[in-house]
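Structure 1 and structure 2, given next as structure tokens, are two forms of the same protein chain, each shown alone.
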Structure 1
């Protein structure tokens, strides 16, 4: 079967004649002379190998084959208009969706106000948030289940990244601890202290492990996944811990103290990651812009 190549102007000419049933008016609608329009219709009929219109001195009517084609062309036209309307809504942020993965500390500290502002600005765009550890968030990004990941660890070489900020670490200890009243602490101050560690899958633990050979932290046998658990263990006097600044809201209660760690080599980089070579949707671009604006304003 040979290919029939109708252009968009061919479809418009056919639809104009179907709707007007008049060659002169259809030609005017298509900005063609009547003779050029008539030649176009004859050429279309020649390409399909069947008459589409019956002509008489008074009227133009569709043949049965023309009726069938008319139904399909009008359906295509409606679907195209619907698709263009949907695309316009996406471009104007009147529809769409964006999915974001974020470390729990980022999700708890940075994002609530940002999400509230997003909802006020773009109430018709669905934003999905996954608060997860670094390796889970990056897996979601890799699998295409989220558009962006706010992370601090893991192997980021396969992604396109933007550094948002670096944050310092703090010592958290019981309120009555010998270091609780210090203005800052150094590695040497931690000599002999049992340091309760987070799980090895956490970005915090991975970063501390990279420094362990040089700083020889004395790790406690206690190892936890949840910061709430870590706070309870420290409050009970079972050890101290080192945590990044964004997590400090877990350690603000009674019986706990937080002291800045004055060791510049230990900072946590916070990254915005996306898949390489893949364009962001309009909604994802808008969220990225709002995030960068918020980060810049809080610096």
Structure 2
């Protein structure tokens, strides 16, 4: 089981000599003195235990054993060099892929410009985005289908997390509502208001339900899944709603107003989650860096 100890430079020297059949020129190609090159070949030969080249003064030729080796080695050396080169590409962000899951609100507000910047910086690294509800995104993360998940609230104990920021909630109401012109509202202001809720599966609803203060609110019998629907209902005067800041873009148009909720206990934490005990790829680290930078710049 005496395994032979060769180095890549040995194999390159061998390959160079196979191609040139000339020690001096092969040595030049390897950036070595002709003498050092000669020694290298000699060492390689003594390692494998057989003469690989026939040196008849004016002619360098392969022995049968040398030919056999050349057939194998040239291919293998190329493969290995390629594998290592590919790795350098990954490390240098000249290749690779990152997959990210993000809540629709985050995907819509933060990611567009982030994706554009990513494209500009690392055009050869594929960035895949899954805009899914919290539980779907976390499932993707759990299965390793994505490197990172951008999510809000929920049970994240099985993951490693970083708090990106917390965002306040806003009251959304019809444009002519009595609170529409206020600069901010408190719980007390909401007494008697009919609040349209999102479906129980949404992260927003789950957080509101946990809040004792929310009990003072009068819940509307309406429950919707899509924020666009919610906006339409509010605009039609069927009630008001409480939504996190990042979703406000749904409530811009005419006939609607949004007022910040001045209650410190109702904020939504936005997390960057990754798998525990699993290092990020270089590309994923780069994405995270860009994300943190963007978040800190926007606050």
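Rigid core (definition): largest C-alpha set, two forms, superposition within 1.5 Å. Numbering follows the first chain given and starts at 1. From a predicted model like this one, the values you see are computed outputs, not experimental measurements.
Between the two renderings of this chain, the form predicted together with another copy of the chain is found in structure 2; structure 1 comes from elsewhere. Core-superposed comparison between the two structures: the CA of residue 160 stays below a 2 Å shift. Annotation: Cα of residue 232 displaced by less than 2 Å between the two structures, core superposition. When the larger rigid part is held fixed by C-alpha fitting, the smaller one turns through 27 degrees between the two structures. Core superposition places the Cα of residue 76 2.8 Å apart between the two structures. If you overlay the core, the Cα of residue 41 moves by 11.2 Å between the two structures.
Its Cα shifted by 5.9 Å, residue 67 is compared between the two structures on a rigid core fit.
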